[in-house]
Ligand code: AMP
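Okay, here we've got a single chain as structure tokens, the form predicted on its own, with questions on binding and movement later.
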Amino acid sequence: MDEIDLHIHTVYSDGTYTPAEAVHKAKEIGLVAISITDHDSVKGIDEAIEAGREAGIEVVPGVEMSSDVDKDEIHILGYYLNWRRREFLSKLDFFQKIRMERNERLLRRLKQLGMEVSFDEVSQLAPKGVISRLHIARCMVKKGYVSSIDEAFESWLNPGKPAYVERVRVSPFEVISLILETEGIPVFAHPFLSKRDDLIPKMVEAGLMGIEVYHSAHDESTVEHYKKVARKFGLLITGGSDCHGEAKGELLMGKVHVPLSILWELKKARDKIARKIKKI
């Protein structure tokens, strides 16, 4: 059965593969389509599409954007968006700026806690992308402050932990609206990690069109649960590994089995949006 992966990060956010390398790895694994969904960045999409043409891999343009409700982070994926739209790129620049300011504060907090991680050290891990907490966690492991990336997050970097620094807050409803304005398909990413199913009805009202049912953090029972949620609210089902290359020590691409039929349904939604825009 042909399979796809609609959640992949590259060096333009916090992955270790270039977009072309991600495409070639997908070809090697036997995938027929992937989506590049970097955090607050669409810089890798054109490179991936070109590499996909050469390799015979379909590349779906995508993005992953962070938002907040209370003390919880909610991530929204956007597919088939008009990623060259000037207003959208301007918004991404703003999100990248606040992400950078937050990480600078986080590094100062780590220093106060006795963990010296410099901006230059972290920047070396993100030569093309915006620095993220994953880059900082990798530096913490490298310098021996923690034994693993999981420990860095669970003991220091996650909400409620000593080094956590809040960002400028953006609601998931704002992000959904932005993706819709950019002619994209907004999808609730890895809902099990957010543990905020209570927000799904409100997000659907705001225009949410899909939910990431298949994910590396979702076991079989979780997949079945979110299939039921998708049916209840009439949402598209999507899925992907959330691959960051080798940043987390394990290559996740190909580990989550997402059928090609998922992409067919996503394309139907894309075409429906295109027809609607054409009529306006």
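Residues carry their position along the shown sequence, with the first being 1. What you see is a predicted model; the values in this text were computed from it and never measured.
Keep in mind the form predicted in complex with the named molecule is missing from the figure; the text below concerns it.
Partner proximity in the model of the complex, defined as non-hydrogen atoms within 4.5 angstroms of the named molecule, places exactly one of 98-106, 202-210, 114-122, 139-147 at the interface: 98-106. Proximity of E73 to the named molecule in the model of the complex falls within the 4.5 Å heavy atom cutoff. Of the heavy atoms in F192, none are within 4.5 Å of the named molecule in the model of the complex. In the model of the complex, the named molecule stays beyond 4.5 Å of every heavy atom belonging to H218. Interface membership of L134, defined by any non-hydrogen atom within 4.5 Å of the named molecule in the model of the complex, is confirmed. Contacts with the named molecule in the model of the complex, taken as any heavy atom within 4.5 Å, map within 24-40 to H39 alone.
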